[in-house]
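Next up: a single chain in structure tokens, the form predicted alone.
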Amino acid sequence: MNEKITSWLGEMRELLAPTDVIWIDGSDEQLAEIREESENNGEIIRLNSEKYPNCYLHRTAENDVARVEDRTFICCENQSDAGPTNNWVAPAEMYEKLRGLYKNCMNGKPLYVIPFLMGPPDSRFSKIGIQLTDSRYVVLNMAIMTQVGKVATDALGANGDFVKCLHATADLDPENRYICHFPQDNTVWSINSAYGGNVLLSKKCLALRLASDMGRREGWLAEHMLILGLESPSGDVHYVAAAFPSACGKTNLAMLIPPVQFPGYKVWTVGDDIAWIRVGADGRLWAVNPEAGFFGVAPLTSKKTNPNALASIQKNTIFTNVALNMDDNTPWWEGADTPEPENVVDWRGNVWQNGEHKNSDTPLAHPNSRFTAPISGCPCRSTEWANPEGVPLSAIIFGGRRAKTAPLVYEAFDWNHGVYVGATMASETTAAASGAVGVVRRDPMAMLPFCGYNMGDYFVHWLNMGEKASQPPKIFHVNWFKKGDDGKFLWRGFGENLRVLLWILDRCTNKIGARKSAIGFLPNKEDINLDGLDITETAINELLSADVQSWREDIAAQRKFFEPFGEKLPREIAEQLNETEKMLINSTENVGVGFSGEYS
């Protein structure tokens, strides 16, 4: 036994006062026993075993349905190291507050000890954690999202270091709900929540907030990015990483099915949410997905929007806060392929019979309802998803929901300009985080809620990574969500996004030119394959252009966002901002945002 584990476990056992300590070994027998206990206690509901084998439904409290960014803290010694975008409390003060909440909170409950491995075994990318929890739901989800048990302890060894993760459900008091990160101690403490994003501490807490700080110190990146491989009919595969805010289409893009007009093309899923990226010996950036499962948004998942995701969740899946079709004991959500059930239990547990809910405007499934499913069930899983060396990146893509400002796709001028593009990302908020929906907010690299240190230093780290890589990938920005004056989406999205990916890869291999504009390189209309796509010329022209005045207003919003960083804002970012503003001021035409000719 690793003495560091026994010492920490002894300290935590004294604090929490559990009735028993149960070590999770990762065996099928033990997990089956925990599932049975959870079912008997009403914590999970077994779904139709024929249609959804080994699948279960779980409901959280009504006040505990999303990440709580206002209750999430970075607790480092100096507030300036946390930066203006993170909530900060000094470690000693927060430890004292939390110890009071944790004291004896597991009295009458067992304490589960979950050793878990993130990343492939025997990989320089991988990290090991130990999560303590009083929740069987957390145990079952961690066994899907990570590699738990012996594989982790074998990798750890007798003297290895690990991330210390503590979670307690306590009494779900939202006023005492905390998700706290202590980077100097490699520690995460979470209390008074049972929602996955707050309690599966391998995910956003370790894999992004703590890992981003580790990456800064160790010379790599931990990013909120999907990773996909795009295979051409000739068999060549190029890999792309893409960052979007939660619920903005990461899973759909990661599992994209090419349109019928593109026979022979295939998309392979390496990961749908998180990428750990290092500079390889060849000077390229290489990425791994550290997770073993998907924690996806259920609403709108269907055969039409994402057939691969739907196939992935047909077995061995835990659904959270979806509705339950009483007629056949199957999960249901808004946007599913089947009509709304006549007899249904909504995500709160309310029973609706004989179609009575159809007169209600309340959703049956929570807008942020989730599924947790193993990547092993994904029909488009890449054979490289567990490669210890990762996959080489040809392109990095940033994107978000912008109804008007951003065009369908554009390319950054170079690495530093690409960092500026990522740093100024903005998106309309979704139900994945608590708070108002539809508000435009800055979300640099889709990491605003997940960067574990000062984002000014984070931008510097990105700039430095470009210097370390002799062959860095090109950087792009996409916006699938642009709308016309009628309020309707101009781009069909989903599988049609392959057309944009192909343009991006053609740019990476220097096969085509582009128009230079104030914001970056824009596509020539003829270089995006529109064969078989029902879209008007007016719509495609609008998609491939942007309004100069909107961009000038966006520049003002960028300056306001950067103000709190003060001297921490890298000079290179400020220069890129000034140069973009200068080009926009000198621009008089809208189409192409200051079109200035052909580039190749």
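Just so it is clear, the model here is predicted, and its values are computed rather than measured. Residue indices: 1-based, along the sequence shown.
FYI, the form predicted together with a small molecule isn't displayed, but the following is about it.
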property: Stretch in contact, per heavy atom within 4.5 angstroms of the small molecule in the predicted bound form, of 87 to 95, 328 to 336, 201 to 209, 177 to 185; result: 201 to 209
property: 4.5 Å heavy atom contact, residue 424 and the small molecule in the predicted bound form; result: no
property: Contact test in the predicted bound form: residue 295 vs the small molecule, heavy atoms, 4.5 Å; result: yes
property: Contact test in the predicted bound form: residue 370 vs the small molecule, heavy atoms, 4.5 Å; result: yes
property: Close approach of residue 167 to the small molecule in the predicted bound form, 4.5 Å, heavy atom; result: no
property: Residue (of 197, 407, 456, 520) lying close to the small molecule in the predicted bound form, criterion heavy atoms within 4.5 Å; result: 197
property: Contacting member of 193, 246, 312, 146, with respect to the small molecule in the predicted bound form [4.5 Å, heavy atom]; result: 246
